[in-house]
Structure formats: structure tokens, C-alpha cells
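First, one chain by itself in C-alpha cells, the form predicted alone.
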């Protein structure tokens, strides 16, 4: 245990079971978080390493958030066990291994060329400047892998670009110099070496430019820049796009051009909410839209159910499905539909494809739409023509 990060803290575990009881996939684990600690204390680490439980963690942060003695279960215990497994040469599930390989080679888990990172800007309908070496911008927008490459998420990138332009924000992007932040597939899944490489590359690119704020749309990148990069001695002035827009709520209200008379429920992203304590900004932004009625799911804010895609689990869907048979995204869209909402609003790019697929599987097409907060704001501002 002493070799694990914060291993001495693990010894303070009181075996209350709060972690296991709050884990959304604990029912499928032969070693729940509480049992993992118990096994480590008993010196039965080999038994633990033969279990699939280590790879079932979706990094929802429930266990760490609720631990009464502050054991860092998600980011130190489970991530540390994964690091140790990788150092022993034990292979990771094949889906995740592919994401690692692509990220190492191309700088993104999709295996797309870095030269295509800013290809989405051609359809934006507004000028989007690429901030080159030595250039400056008040806001340096870190678009992220999903926002750059995933066709569905590209629409939300366009929406945010139009909002920033309408607000007269001096912003720019890194274009082909941007790489994965490293938080999503790497740090919490045990690939610390790859995370460090990405961190060094990204900080080199930041150092070549002058800016006041780093803007992100992905809560996982927000967590990396807000928590993990400072851990390595490189803090960044980062804001999630909902925070950035919430700071400008009065101006958003003034620029609204149409009413959206629909019932909306908001899903709290784990990385933005439980990990970083931001619950109000997305709601403040949504409430700037005329006519919209915000409803809450029973499990909201710090009690929100995870979408199941965090911490690299987005690349473990088949692995997790074979062992659980109860997809977390489907549970969540069913909860959303029960509120009577017509729109499930999200603030994380992973949740768009995950929840849209779940809506289809749950038979909720025509009853529930999944939209990013930025997309809804752009719609209210009358900026979505041509998307």
C-alpha cells in the first residue's frame, strides 16, 4: 500500500461502506471500493488484480466525494492500481488499449490527423482565428477532441463560436497544435506516462502564446487544467464554457431573440459537478433563455447519476456492458423523461452521443432531445441558421 499514491491515507479507511453503496456499478463488482481497501490491507493484491472490478470504475467521483475520512479512492487508489497493473505488463481491455495507442500517435483517441483539428471551422459561418506561436488572444479556446472531431459535437463547437463572436470576445484556437488534455483516457486509467507526455506538449504550446483565459467545453479538460496540471506545478486560468457564459448572463439576456417554450432538465456532469463543485453556472446560463422552464431530476447536483463515460470508460462500453447489462446512460435518460422534460441539457461533449444513443434504445425518440447548453443559448440568440 505504501507504493500507491496517498497509500498512507488509505490506512485511515474505517470500512463504513459509503463508497461501495454510492458506486453506480458497485453491484457488478466482486471487489467494491471498500473490499479493494480490505484486500490491500490483508496483502491480497494478487486476488484483486485478477478481478475485473478495477476496470469497471467510471470515475464518477461518488466514492471520493462521500468518503468521511477523505480517502482519494478514484484518483489515487483505483488510478494507482491501474498504474501498477500497467507497470507489470498486464494488458488493459482492448478498446482502451486502442484509445491509448491512437492518443499517443495522433494526439487524440479517435486516431484522426492533427491537421484536421480545425476543419470544423470551415462551416462555422464566423471567423475563427488560429493563434500561432508568438500571437495573443484574450481567450484561448481549447476545443477538445470531441468538439474538434466528432460530427455531432462539431455543431456545438460552431454554436459556441457564434456566441463568442456575438459577445465580441477576442478569442482564438490552437488548431493543429492542440492535443488531448490527457485527463479523459489517460490519467485516471493508469497511463500516467502518456499523460505526462501530453502535459509537457500542451504546456509548451501554451507557453508560446499570450492569453488571459483558457476556455474549455469538455469538463474532463477542465478537470485536467484545474486539478491535474496544477498538481504538476503548471496552473492555468481555465473556465468551462458554462462558467464563462454565466459571467456574461446579463449580456446574453439582452441578446436573446426568440423564446424556447420547452421544458428542460439539466444533467450535472461528474467532472464539472462532484469533482470541481460547479453546479450553478449551467443553470444560470439556461435561465437566460426566454420561455424555457427548468425542471430537476430527483438525482441532481452532487447526487447526479453518472453518464458512464468518464475516466476512459467511454472506451470500455463493451467491456462494462458484458458485466453489467444495465447501461447508465439509459437509466439517466429514463429519469430525464419522467420529469416531463422535452430537452435533456448537457455540458459535456461525451454526453451528446451517449445520451442520444440511449434515447433511441429506450424508445424515447420524439419525446426527449439531447442538447448542449451552448447549442440552446445560440438558438435563443438566433444564431443557428445554417447549422
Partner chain sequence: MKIAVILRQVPDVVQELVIAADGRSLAKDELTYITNEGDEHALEEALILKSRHAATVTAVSVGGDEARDALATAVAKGADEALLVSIPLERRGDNHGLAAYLAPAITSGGYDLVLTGVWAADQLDAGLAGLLAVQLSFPYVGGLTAVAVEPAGNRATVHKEFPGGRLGVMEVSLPAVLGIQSAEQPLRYASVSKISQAKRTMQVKEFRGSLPNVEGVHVSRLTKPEASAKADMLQGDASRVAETLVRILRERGLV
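Given the structure is predicted, the values throughout are model-derived calculations rather than measurements. Positions refer to the first chain, counted from 1.
Beyond the structure shown, there is the form predicted in complex with its partner chain, which is absent from this document and is the topic of what follows.
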Per-stretch contact check against its partner chain in the predicted bound form, the hit in 208-216, 280-288, 92-100, 234-242 (non-hydrogen atom, 4.5 angstroms): 92-100
Close approach of residue 191 to its partner chain in the predicted bound form, 4.5 Å, heavy atom: yes
4.5 Å heavy atom contact, residue 197 to its partner chain in the predicted bound form: yes
Considering only heavy atoms, tell me if residue 204 and its partner chain come within 4.5 Å of each other in the predicted bound form. no
Would residue 120 sit within 4.5 Å of its partner chain in the predicted bound form, counting heavy atoms only? no
In sequence order, which positions of 105-119 have a non-hydrogen atom within 4.5 Å of its partner chain in the predicted bound form? 105, 106, 111, 112, 113, 114, 115
